[in-house]
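First come two forms of one protein chain, each written alone as structure tokens, so that there is a structure 1 and a structure 2.
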Structure 1
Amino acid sequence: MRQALVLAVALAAVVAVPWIAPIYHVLLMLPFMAYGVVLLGLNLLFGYTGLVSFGHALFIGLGAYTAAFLTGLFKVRALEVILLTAAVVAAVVAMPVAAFCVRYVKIYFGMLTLAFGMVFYTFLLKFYRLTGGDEGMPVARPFLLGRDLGDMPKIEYLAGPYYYYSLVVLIVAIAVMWRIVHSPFGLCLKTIRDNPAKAETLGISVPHYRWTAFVISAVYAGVGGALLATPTGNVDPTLAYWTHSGNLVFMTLLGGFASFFGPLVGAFVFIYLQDFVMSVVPYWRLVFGAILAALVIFAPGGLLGLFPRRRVIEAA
């Protein structure tokens, strides 16, 4: 009940932001919503299945470059088509990648995902003629629901229609993920996380479930990446760099990987805190590194873990 109330207030606040908040803060909400989608997926793997990926930036990169290729090269401007294509591309790439990765757990899983991420990063960087190399590619403004909003000033477009479009995508992503983690499938994932050997004896095909969780999380990252590309207006290879993957895990940990909404809180706090710190000193990494270290040592449950109400079993 209380959770529902908190959620309703949060939703109302997010809906109201474009009217009440300064434009600058409205625009900061866009990466938050995009990362929110990505992290919902990442946490299916991290919090619910117990696999820590250090390569999910690969799928953000795929989604973002899909948006760039479609709007630029192929003149496809409908955002619905772009998001759908990003999801499909991410899934298609994730299927073989996941098949390799889920054969391992823990550190080996992390290393293999990191290696795949860096393969894609290097590809983006080196195949200059196709991808624009380190300069990346521009992303043209997509049509929303078939409407060309090209005449709108960019800020108005982003803070208005695009904002609500992102919000709807995020809400749909939340609803779908909520269904997934509360389904028998989600229950199996948690069993695998807590005790893979027992899950196996119970007849759960552990690699198959891990593979499916990986592919779903990749689809989320792809969609989030495509959503992220428009406000940025330009995609470049650093989207796929391993430190970006590290930051994704950081955000998830920051909010709390043991709860459903933890990653969203993490994305929100990360983005606003980063913006604030950068406005004070240019050395945001120093501050964030210290925050991450403090989190790992003192509050591994993340921000939501600080409220011990209805403690969720900690993912070990």
Structure 2
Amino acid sequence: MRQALVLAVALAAVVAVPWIAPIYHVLLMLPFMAYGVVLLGLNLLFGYTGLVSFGHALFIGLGAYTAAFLTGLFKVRALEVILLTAAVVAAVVAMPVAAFCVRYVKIYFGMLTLAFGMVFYTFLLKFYRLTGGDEGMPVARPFLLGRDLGDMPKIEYLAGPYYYYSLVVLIVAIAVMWRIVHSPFGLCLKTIRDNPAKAETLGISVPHYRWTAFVISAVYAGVGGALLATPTGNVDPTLAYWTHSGNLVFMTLLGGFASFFGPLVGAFVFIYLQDFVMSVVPYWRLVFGAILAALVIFAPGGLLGLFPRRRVIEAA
């Protein structure tokens, strides 16, 4: 009952943000919701399967550039089509990448994903005529549920219809992921994470399950990348850079990868803490890094690890 109450209060607070918070903080919620979708997928790979990807920004970049190509080159403006296409593109690219990477574990898996991510980053940077190079590509304002809101001021559009659209996408992503991790498939992933050899003796195809988890996580990252593209109105190669992948892993660690909602908490704290430190300290990277390092040292289980484990937030 207490856990359900906490979730209800959190949802009510997020719904009320556009009505009670300054517009600046409302806009900060947009990357939080986009990263929330991404991290749900990443934690399926990290927290549930035991594989750490250092190249997951590749799929964020795929989703974001899919949105740019569809709205710019192909004049497709329906956000539903954009999100679906981003998911499909991410899945198609993830399939061969996953088939190669899941043969390895631990640091080797991480290094391989990092290598694929940097190959894609280089492609975005060097193929200027196709991707715009370091200048990136513009993203036109998408239609929401078939409605053209082009006459609405951009800030009003982002803080109103787009905010609630992103929130619905995040809620759907949470519901689907909750079902996945509490299904027999999710139980198999936990078994693989804890003891791959035992999983094999039980008849579980470890490479197949790891491959499936990788593809699902890539789909989530592609959708999150497409959501992330609209507020900025422009996408560039830094979305696929290795430091972006590092931020994703850090958000997951910050909130707690052993908890279902831990990555969401990590994304929220990371985004708002970074914004606060940037606004008050000139050398914000030094201070921000020190704060995050202290949080990890004194809370190795993440922020949610500071609280008693509850069934509603526990991953394992």
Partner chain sequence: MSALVSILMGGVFHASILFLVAAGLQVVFGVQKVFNLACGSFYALGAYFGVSAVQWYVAAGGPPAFFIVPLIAAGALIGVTGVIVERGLLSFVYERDETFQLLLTFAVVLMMEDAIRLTWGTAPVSTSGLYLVYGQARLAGAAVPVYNLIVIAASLVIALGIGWLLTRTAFGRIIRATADNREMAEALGVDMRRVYAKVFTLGTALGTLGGALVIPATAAMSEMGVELIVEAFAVVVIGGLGSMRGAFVGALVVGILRAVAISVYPELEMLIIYLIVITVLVFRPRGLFGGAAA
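Predicted model only: the values in this text are computed from it and were never measured. For the two forms, the rigid core is made up of the largest set of C-alpha atoms that agree within 1.5 Å on superposition. Structure 1 provides the reference sequence; residues are numbered from 1 along it.
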**Asked** Structure 1 or 2: which one is the form predicted alone?
**Response** 2
**Fill in**
Shift in angstrom of the F298 C-alpha between structures 1 and 2, rigid core held fixed, comes out at 3.0
